[in-house]
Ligand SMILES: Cc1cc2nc3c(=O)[nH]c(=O)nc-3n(C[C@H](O)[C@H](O)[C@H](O)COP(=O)(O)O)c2cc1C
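First, one chain by itself: the form predicted on its own, in structure tokens.
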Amino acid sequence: MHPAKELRGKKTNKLLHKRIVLGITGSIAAVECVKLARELIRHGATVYPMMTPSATRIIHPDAIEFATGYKPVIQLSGQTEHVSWCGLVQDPVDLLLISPCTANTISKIARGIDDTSVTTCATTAIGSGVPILLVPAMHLSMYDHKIVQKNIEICKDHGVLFLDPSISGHKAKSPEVLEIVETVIRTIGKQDLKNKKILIIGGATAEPIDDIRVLTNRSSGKTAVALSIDAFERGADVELWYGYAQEPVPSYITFKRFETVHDLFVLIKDKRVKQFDSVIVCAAIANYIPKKLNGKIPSGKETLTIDCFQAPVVLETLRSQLPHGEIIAFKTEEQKKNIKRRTQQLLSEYHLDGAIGNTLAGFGGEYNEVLLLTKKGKSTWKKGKKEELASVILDMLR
């Protein structure tokens, strides 16, 4: 068995049975294509490589064959690879991914010029309706060229998708491999949340005690980030409002920071919130807010008393802002025996569409055990990694 086949599905099966043609052109970013191909395979994909002659001067075809398990097509043969993969045949591939894609190749695709295996495959794919995703990588002066930009628009007018480059200094750099793979999953995955606008509110609040100290909790933000990633992969327009937490947010997720309960209320009261179809609140929001003291509380005190007052309830205001929107919220309880009753109370009191109950065991860790309740009375216990539970929670959305 080829080593590439041994990798298939090692991470997830999100691309299982998906067939992808990977077109590689003559950008220096081609050196990342071994990683890219391997990551696609780790998510279950089968990857067929094509290379322009210029690409072979940057990365050797043997390296690409090792990465994918298939000899790259550099020049079309009597096997008519462009037709058998991307033509009007019984079983075309699921995606033509050209990464990296040079200004030269973009312009040729826009003008129907077929002088490499990659551009010929692109023309065939456009004609037969096979999805195409281009990942530009070039010097910024080339990317900003008005004719190149016009050619990008021509491609888009013909249904070609683009993953925008990362602008750094004078370079329009290819995005990280992770972002490319996630965009591929979003493009050819199940897309059951496509065109749905979803807001995730996660992380902890951090209420100031004095000018340097805060009162917060152990929420890691892992669930919020996992929900955001899964929603993105399933085609949603997702936005994350992210509190005081350390879990890194991927670059492709749109997010806003908040710190205090007041900050969160400012975001909720913005009229933009009405655009969301669904909101999932998994944030660990303070129930009590300390009375802030100016400056720094002096050290050396034997005892210290901090006065707190009850925080306003975010869910109440959120429901008033979204009277017809879908809202799912979390409820944390110390003892498992109390979870169902208290989660049901939360569901009813704030007119939620769903509620998730969990114990303290989920704070800060990779795993969680949750109770999923719907307003129709259905209840289910689920246990697993937070990434796995994120998908189950999103399945609750109507």
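Counting begins at 1, following the sequence as shown. Bear in mind that the values here come from a model prediction, so they are computed numbers and not experimental data.
What follows is about the form predicted in complex with this ligand, which we do not show.
This ligand in the predicted complex is not approached by residue 354, whose heavy atoms all lie more than 4.5 angstroms from it.
Proximity of residue 49 to this ligand in the predicted complex falls outside the 4.5 Å heavy atom cutoff. Proximity of residue 234 to this ligand in the predicted complex: non-hydrogen atoms within 4.5 Å are absent; the residue sits far from the partner. This ligand is not shown here, and in the predicted complex it never comes within 4.5 Å of any heavy atom of residue 317. Site residues 220, 332 and 361 are none of them in contact with this ligand in the predicted complex, judged by any heavy atom within 4.5 Å.
Checked against this ligand in the predicted complex, the residues 187, 104, 151, 123 give one hit for a heavy atom within 4.5 Å, which is 104.
None of 138, 201, 97, 86 but one reaches within 4.5 angstroms of this ligand in the predicted complex through a heavy atom, and that residue is 138. The partner is not drawn, yet in the predicted complex one stretch among 362-370, 23-31, 63-71, 39-47 has residues with heavy atoms inside 4.5 Å of this ligand: 23-31. Contacts between 105-129 and this ligand, taken as any heavy atom within 4.5 Å in the predicted complex, involve 105, 108, 116.
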